[in-house]
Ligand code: ADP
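Here we start with a single chain on its own, the form predicted alone, put down as structure tokens.
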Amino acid sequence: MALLLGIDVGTSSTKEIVIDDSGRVVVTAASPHTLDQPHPGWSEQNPDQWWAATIAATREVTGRLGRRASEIAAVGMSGQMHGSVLLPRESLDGSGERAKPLRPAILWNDQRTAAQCDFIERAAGTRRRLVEMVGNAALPGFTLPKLLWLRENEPESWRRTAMVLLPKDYVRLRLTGLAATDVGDGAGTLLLDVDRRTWNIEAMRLFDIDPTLLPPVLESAAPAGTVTAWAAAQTGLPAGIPVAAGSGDNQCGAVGAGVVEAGVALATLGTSGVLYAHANSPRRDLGPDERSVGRIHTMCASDGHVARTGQWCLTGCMLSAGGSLQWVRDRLFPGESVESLIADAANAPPGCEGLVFLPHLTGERCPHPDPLARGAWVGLTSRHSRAHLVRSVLEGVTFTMRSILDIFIEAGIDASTVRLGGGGARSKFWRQMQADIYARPVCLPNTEEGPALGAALLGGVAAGVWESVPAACRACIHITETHDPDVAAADRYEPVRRVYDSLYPSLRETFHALALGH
């Protein structure tokens, strides 16, 4: 029986999982990272910290497996997207041992590149033209704006840069000695031709990016090297086993939930909220007007391998999903558990008797790409209780996710069912609310391991354990629970949702005046 290792290089930690070829979790481990914020709005990490965390977590895994560690047949990679790792030429000697970044990596949540984003859209002509070219609008989180900032502000580091890698790709370089990336992570750079699943020559010419700075781009379940003898000595892994290219955490999380074919979406409610849908063709968000272009992201899905080109996906991210619930608990009801607050929320009726919450507490990305968006309770009266306040927060978050789903539908993607992940999947009450507001059945898969599990499945395909990513998911991912929409509740939500949809457009100028005035 083959064992498969999935490595997820996250922001707060590196998480690892070992599964067998039935999908059963054999062992898990994690090793933490620290975050550096040298200036307000900046976010960086030293890539060597990811490698040290990978060594620590892998040694824990192999130590707990004992003799069975020799049964690990493949490794798959997942990781935080968009980060920029600058490497000098001596890091690319084929061993992985001498890899050393020129500076800390600028991360996905770094906000320093607003001026570069404006330049990118102007250089492309319009935001619409940029989305047509690379599938996505320019956001500070993406990789290309970081590269332009580094070129402008740290010319010596830029001059010495021989290659740019993404976070998980740096760890894979240390494991295999070979530099590569995958189509899913590559789509988050603003430099990939999403349709053709290769680097975009037009974009590189337009932004003066030397093509030699970018590594080969592979399908996610394709082998991208093997564990070297040096890396095996560092980690305890068997030398010579294949390492799959892997993908970004959103794509691998979808694989880990079995969302690898059209007609199914994944709603993950953690601190932020992410909606993901698989697509059999690239679909762009060209919006009803220029301000609405690029609200969701067109990416490459992680279902391809050496014998099969993969398909595509759409993602949309709201910034404060579970974060809104955490804020209410911390600020208004300290000492209460989230579970007790959700239980109390069930005592209020759908629609909260006219109380609506806007969850844009940290600005917003989708459905409203506006860093100056603000949160609000609208319709508050003296009769509203704690139950109303908390339920309105849950409803406001879920209305926002439904708005993202509506954008998917506008782009030509519909989903007959929605699978659930993250903290929002743990509450039966919130699961049913999501079914009612999405107006679709919602389902729970049999695992909560997410990106690391998806990475392990990609490794299994790379090693030939399964013939395809969908086959791997059919073998390992199963539905344990389904909630169908309650027709009466859905009817009660509909007029409240129409009010919710009208509030941000009505309050946008007010939010901006308040934010700029402060």
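All residue numbers are counted from 1 along the displayed sequence. Values in this document were obtained by computation on a predicted structure and should not be read as measured data.
There is also a form predicted together with adenosine-5'-diphosphate; it is not shown, and the following applies to it.
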Contact flag, residue 93 vs adenosine-5'-diphosphate in the predicted complex, heavy atom cut 4.5 Å: no
Touches adenosine-5'-diphosphate in the predicted complex: residue 214 (any heavy atom, 4.5 Å): no
4.5 Å heavy atom contact, residue 235 to adenosine-5'-diphosphate in the predicted complex: no
Residue 326 within 4.5 Å of adenosine-5'-diphosphate in the predicted complex, heavy atoms: yes
Site test, 317, 363 and 373 vs adenosine-5'-diphosphate in the predicted complex, non-hydrogen atom cutoff 4.5 Å: no
Stretch in contact, per heavy atom within 4.5 angstroms of adenosine-5'-diphosphate in the predicted complex, of 415 to 423, 199 to 207, 242 to 250, 383 to 391: 415 to 423
Selected contact from 289, 339, 156, 118, since only one has a non-hydrogen atom within 4.5 angstroms of adenosine-5'-diphosphate in the predicted complex: 339
Sole residue of 161, 80, 427, 403 within 4.5 Å of adenosine-5'-diphosphate in the predicted complex, by heavy atom: 427
